[in-house]
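Take a look at this single chain in structure tokens; it is the form predicted alone.
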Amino acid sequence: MKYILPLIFLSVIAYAVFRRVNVFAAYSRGVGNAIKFTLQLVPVLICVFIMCQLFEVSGLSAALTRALSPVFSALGVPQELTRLVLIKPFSGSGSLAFLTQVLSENGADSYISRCACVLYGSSETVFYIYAVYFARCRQKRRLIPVAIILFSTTLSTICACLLCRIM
């Protein structure tokens, strides 16, 4: 099992040599492009991190949690997990901290903890991924993908809690 990655690596190099590709030159170009992309990505990521912090510090997170708790509860999502649902699209580490808190308060085998684990594992940090994917994109319509992602995340949250209730 430990030889799989080296074998894949050597297979790619062997294929490139067979195709008469200058492996070192291609590798160097790729690294150069990656460095340029990373430098273009830094301002966008800084903006996302600042917005995440402002979302929490401003009290907007707490206000949204209070406002949306009854809505999520009506949809089958425990009220205690509303904050996790709101934090996860913004911050992976923040949602992990909240998940740890839920697990310590409710125990690992409780319904709320099972839901929290499934929600944490089945969703993504939407705005971080959005920043990475669209950093170089010059497309004007960027709101539509975010709306689709947030809708599908909400739908998967409801379905995940329903499945946890059945299990």
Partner chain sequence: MIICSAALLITDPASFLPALSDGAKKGLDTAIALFVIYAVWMGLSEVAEESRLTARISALIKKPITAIFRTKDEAAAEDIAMNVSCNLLGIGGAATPYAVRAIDRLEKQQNHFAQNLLFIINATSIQLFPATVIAIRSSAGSSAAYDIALPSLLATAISTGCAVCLFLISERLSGRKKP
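Numbering follows the first chain given and starts at 1. Keep in mind that what you see is a predicted model, and the values were worked out from it rather than measured.
Heads up, the form predicted in complex with its partner chain isn't pictured, but that's what we're talking about next.
Indicate whether Ala63 is a 4.5 Å heavy atom neighbour of its partner chain in the predicted complex.
Heavy-atom contact with its partner chain at 4.5 Å: absent for Ala63.
Examine Leu103 and determine whether its closest non-hydrogen atom to its partner chain in the predicted complex is within 4.5 angstroms.
Taking the distances in the predicted complex, the answer for Leu103 is yes, it comes within 4.5 Å of its partner chain.
Can any non-hydrogen atom of Leu96 be found within 4.5 angstroms of its partner chain in the predicted complex?
Although its partner chain is absent here, Leu96 would touch it in the predicted complex, with heavy atoms inside 4.5 Å.
Partner proximity in the predicted complex: Ala26 to its partner chain, non-hydrogen atom cutoff 4.5 Å
Yes, Ala26 sits close enough to its partner chain in the predicted complex that at least one of its heavy atoms falls within 4.5 Å.
So which bits of 44 to 59 sit within 4.5 Å of its partner chain in the predicted complex, heavy atoms only?
Heavy-atom contacts within 4.5 Å come from Leu45, Ile46, Phe49, Ile50, Met51, Gln53, Leu54, Phe55, Val57, Ser58.
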